[in-house]
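As structure tokens, one chain now follows by itself in the form predicted alone.
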Amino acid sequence: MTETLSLDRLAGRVADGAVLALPPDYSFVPMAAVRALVRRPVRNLNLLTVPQAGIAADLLIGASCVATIETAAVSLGELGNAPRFTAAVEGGRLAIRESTCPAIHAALQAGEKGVPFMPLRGLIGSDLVAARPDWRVIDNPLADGGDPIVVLPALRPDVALFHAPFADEQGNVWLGARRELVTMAHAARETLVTVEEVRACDLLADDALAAGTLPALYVTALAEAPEGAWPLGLPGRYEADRDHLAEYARLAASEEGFAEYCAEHVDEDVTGLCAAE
């Protein structure tokens, strides 16, 4: 049965050293939970971005919460490089497992299906294959030879963590069209979700909502966190706070500025600030 926890108790379910999967900035990003992880603080995370990341990963890295990252990219989009990620890489404080968007999705699909690997053809000819000794190039066993293909080991995160618009009292979570979150939840050993609200209904009994719902079977624990994606947006609910994101990019360009940002926006729970302003 899905547990309902406080935000801090939910963050406490992420163990030090865990493989933690996070969605990209254009999806349902659990920013309130990320701030709770920084406040705790969690340490030595092995971060998996599905398939890329922005401020959530940058904040965790800047707060010394992350030991390794597997990612296709980390940036702040139109605001430029992710400054704490860049500083950690240049300072040798972060180990990177470089990947691609299709490779991360395919490896998670293997984890979701309970198979040891997933083939992917598009990596053939890439220098990236040589940089990933865990990726293997084999001959297609269904061909007569001369048909190489890359096989990727399954990804099974310890924890998938994301935010969602709402859940019901049974622990079913509505995700709409965000299918990467479904794959994350299927592949992960535990799935932790923050939501804007818990509704008194049964999402799976509503034909209009059931197709976009992640069943409670795949949800370990929930926490209510209104405006839990802020300063990123939540499609259909609120827009990204672009002024705040620009301020983060400016301050996080230096260690001193990052510390100032954390003192104002992370050290205390700012969930709900978006609605208050």
Partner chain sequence: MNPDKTALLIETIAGMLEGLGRVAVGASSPIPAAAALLARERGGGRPALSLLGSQAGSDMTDGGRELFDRAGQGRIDAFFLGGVQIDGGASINLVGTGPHPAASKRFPGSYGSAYLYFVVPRVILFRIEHTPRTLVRKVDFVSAPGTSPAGVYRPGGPYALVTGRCVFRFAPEARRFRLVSLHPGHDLDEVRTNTGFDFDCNEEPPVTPAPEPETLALIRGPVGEALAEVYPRFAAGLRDGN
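Predicted model, so just to flag it, every value in this text is computed and none were measured. Residue numbers count along the first chain shown, from 1.
Unshown form predicted in complex with the partner chain; subsequent notes refer to it.
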Considering the partner chain in the model of the complex, find the one stretch among 58-66, 206-214, 225-233, 36-44 with heavy atoms no farther than 4.5 Å from it.
-> 206-214
Indicate whether Ala73 is a 4.5 Å heavy atom neighbour of the partner chain in the model of the complex.
-> yes
Even though the partner chain is not shown here, does Glu112 get within 4.5 Å of it in the model of the complex, heavy atoms only?
-> yes
Does at least one non-hydrogen atom of Thr100 fall within 4.5 angstroms of the partner chain in the model of the complex?
-> yes
In the model of the complex, does Val159 have a heavy atom within 4.5 Å of the partner chain?
-> no
So, Ala221, Glu256 and Cys262: all three within 4.5 Å of the partner chain in the model of the complex by heavy atoms, or not?
-> no
Counting only heavy atoms, which residues in 81-110 are within 4.5 Å of the partner chain in the model of the complex?
-> Asn81, Phe85, Thr86, Val89, Glu90, Ile96, Glu98, Ser99, Thr100, Cys101, Pro102, His105, Gln109
